[in-house]
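Next up is one chain by itself, shown in structure tokens, the form predicted alone.
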């Protein structure tokens, strides 16, 4: 079994601060790089070290947070924290996670498109010379991949949207976008987990709670997840809100 250093010879490792180390897998946004980040994130979660706190995956990087004092006390090889941790991470054996990824079912998210919950649907449709239904069909037909969580807790940046729907952000951002709102910005789509200011084109809304601190996993989505949107009616939207 190859080590992390052997399996990913292009991998760059650098300290981000006194309690973080970053693994960089590339400089672009791609499904291949996301797969690498996801695999290594799972590997580190399964083989934590003394002082390990958490990991934060992003488009092409994985940042590892740790307790410097605990790490220094560890028996890992190295003279200081960065050396100890980089040596440890790069020497980890890399198993094959491919089958688990392939069989992972998508998370289904119901969306009520248009109306008061999707105030920019008409604008997006006009922008692309489409009908509202065509926008809805294209947006709900794709299988999306969560590239990273950021901006606010639980906000998932989703890749895989049909490029025909690519739309610029609003010229003037809204001061308050309701939680659950589904937006488009550039070639990405995403769901606002909390009410926040935002400039994405809002085309719908989900009745699901995307972020809930009372759950074991507060964020409904995590990096590497697959996502499918399912168009629902207004009555179905109201029903979901009662359960």
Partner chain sequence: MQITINKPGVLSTVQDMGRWEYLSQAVPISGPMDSLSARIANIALGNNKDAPIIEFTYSVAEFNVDAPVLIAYAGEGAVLKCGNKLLPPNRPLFIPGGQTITLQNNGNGSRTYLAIAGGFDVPVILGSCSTYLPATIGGMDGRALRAGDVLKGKDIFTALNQVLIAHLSGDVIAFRKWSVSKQALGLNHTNTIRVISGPESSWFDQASVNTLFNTAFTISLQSNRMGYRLEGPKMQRINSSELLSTAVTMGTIQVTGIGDLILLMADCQTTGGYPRIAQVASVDLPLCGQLKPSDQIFFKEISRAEAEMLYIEQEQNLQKAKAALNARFL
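Residue numbers count along the first chain shown, from 1. Keep in mind it's a predicted model, so treat the numbers as computed, not measured.
There is another form of the same protein, the form predicted in complex with its partner chain; it is not shown, and what comes next is about it.
Looking at its partner chain in the predicted complex, residues 27, 69 and 151 each place a heavy atom within 4.5 Å of it.
Exactly one of the stretches 79-87, 116-124, 130-138, 163-171 approaches its partner chain in the predicted complex with heavy atoms within 4.5 Å, and it is 79-87. Within this chain, residue 231 is remote from the site of its partner chain in the predicted complex, having no heavy atom within 4.5 Å. Within 4.5 Å of some heavy atom of its partner chain in the predicted complex lies at least one heavy atom of residue 17. Its partner chain in the predicted complex is approached by residue 194, whose closest heavy atom lies within 4.5 angstroms of it. A residue is said to contact a partner when one of its heavy atoms sits within 4.5 Å of a partner heavy atom; residue 144 fails this definition for its partner chain in the predicted complex, lying far away. Taking 48, 218, 178, 199 one by one, only a single residue has any non-hydrogen atom within 4.5 Å of its partner chain in the predicted complex, and it is 218. If you take 41-55 and check each residue for a heavy atom within 4.5 Å of its partner chain in the predicted complex, you get 53, 54, 55, in sequence order.
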